[in-house]
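Taking the form predicted on its own, here's one chain by itself in structure tokens.
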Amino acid sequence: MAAQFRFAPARGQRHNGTMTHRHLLTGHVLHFAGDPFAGPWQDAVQIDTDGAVLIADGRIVATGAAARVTGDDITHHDHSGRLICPGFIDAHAHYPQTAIIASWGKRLIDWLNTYTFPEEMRLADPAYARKTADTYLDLVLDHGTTSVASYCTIHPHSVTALFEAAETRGMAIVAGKTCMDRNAPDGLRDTAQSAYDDSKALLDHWHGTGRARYAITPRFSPTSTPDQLAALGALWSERPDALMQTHLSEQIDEIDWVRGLFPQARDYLDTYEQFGLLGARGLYGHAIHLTPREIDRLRDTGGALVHCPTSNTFIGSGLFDLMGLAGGGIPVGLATDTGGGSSFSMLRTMAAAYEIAQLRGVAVHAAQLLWLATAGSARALHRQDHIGTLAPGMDADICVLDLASTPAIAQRVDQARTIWDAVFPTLMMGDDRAVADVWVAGRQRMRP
């Protein structure tokens, strides 16, 4: 079992409600000036090898030379030789599937019936839902992930369990009740009306509460009737500030299934569009086998795609066109897709994204991978003004990577000629051992 973190106690005195104690982190600091898929990555991403980040009251106060201040109210955290980057952001996950990660031998539809649905039925027990939520969030924090967007189950208390667990840890999170009223077991089906009612009540309670954001969540069109999709589309039109998350074009046999269920639809995306479920605050997971029309509509509407590379290889879905889609102006985030994905680690996810791009004939740069796992996912979740970047005013969600965490990585770094040569091996071979320090909303998580 991975070693779990605990939060360090807050330090300093409060004067007029303001925490005066500050923390200075020094080391290699990752900075973003733009989208590295929209132009040369060198213009968008830099690493300050003598960098500094000053944090106070949960936010980043200064970076670079302006951060290098001294005083009795400052604790210095020396991360020389390490990479200080934004906390990783997992833009598509299923926390209820934590216990079934790395289950053998199934493709999508069989995976759902054999592993996913039986496990999700166990979350009918509120105590089990709370335990699973706690386990999941501790695991991702161990791996340097400070924000997630997760599907829950049809049970409203499964949503509450995750939001409450995230609130305890101070995490920025997106979540929603998964809605299904067909092609699922009896214990996992709701109705069009209850999907609307439950989702609205949860949205009203949680959306914008602290760092929580709500996502209206039809699992995918095969498990929702047209009536349910229309009800959820109506809710989104009433609350356009909410996000909407679902799945799109993950596997060929899934697309054939959708075609049979929606014979009048122009394509898979149209099964959402015709019910008001296509928009700029939409998150569409996988999106591997898109038609030209679907690509054009996604670009026109600003809907974001979420790349889930370990899942796509683990259950044999296909090869996402990262460079074509991200380079073509469509927002793209990165995700583990736990538990169809085979790892809780965004480092492993970056490695898998690199490998899939190689199979499509493109070598993605480390700068682009890090951007996807942080600023890119933040943009997909419409949280780019708060998380995903180390800049003054941003929330202090930080992951510090040891660039020589194992002997295999260390010996490769010994041969590095540039800072990027030193960073890349950790993206390809790193795991939770590479996570040297984690900060969530300005609070440090310490290993026991």
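One rule holds for the numbers: they count along the sequence shown, beginning at 1. All values derive from a computational prediction rather than experimental measurement.
A second form of this protein, the form predicted together with a small molecule, is not displayed here; the remarks below concern that form.
Q: Heavy atom within 4.5 Å of the small molecule in the model of the complex: which of 97, 374, 199, 158 fits that? Just give me the one.
A: Selected residue: 97.
Q: Which residue among 242, 108, 192, 137 has a heavy atom within 4.5 angstroms of the small molecule in the model of the complex?
A: If I apply the 4.5 Å criterion carefully, the residue I get is 108.
Q: Report yes if any heavy atom of residue 177 sits within 4.5 Å of a heavy atom of the small molecule in the model of the complex; otherwise report no.
A: No, no contact at 4.5 Å.
Q: Spell out, yes or no, whether the shortest heavy atom distance between residue 212 and the small molecule in the model of the complex is within 4.5 Å.
A: No, residue 212 stays farther than 4.5 Å from the small molecule in the model of the complex.
Q: Can you check whether residue 236 is within 4.5 Å of the small molecule in the model of the complex, heavy atom basis?
A: Taking the distances in the model of the complex, the answer for residue 236 is no, it never comes within 4.5 Å of the small molecule.
Q: Even though the small molecule is not shown here, does residue 337 get within 4.5 Å of it in the model of the complex, heavy atoms only?
A: Yes, contact at 4.5 Å.
Q: Partner absent here, but in the model of the complex, which of 167 to 175, 292 to 300, 353 to 361, 214 to 222 has residues with a heavy atom within 4.5 Å of the small molecule?
A: Going by heavy atoms within 4.5 Å, the stretch is 214 to 222.
Q: Report yes if all three of 365, 368 and 419 come within 4.5 Å of the small molecule in the model of the complex by some heavy atom, otherwise no.
A: Not one of the three qualifies.
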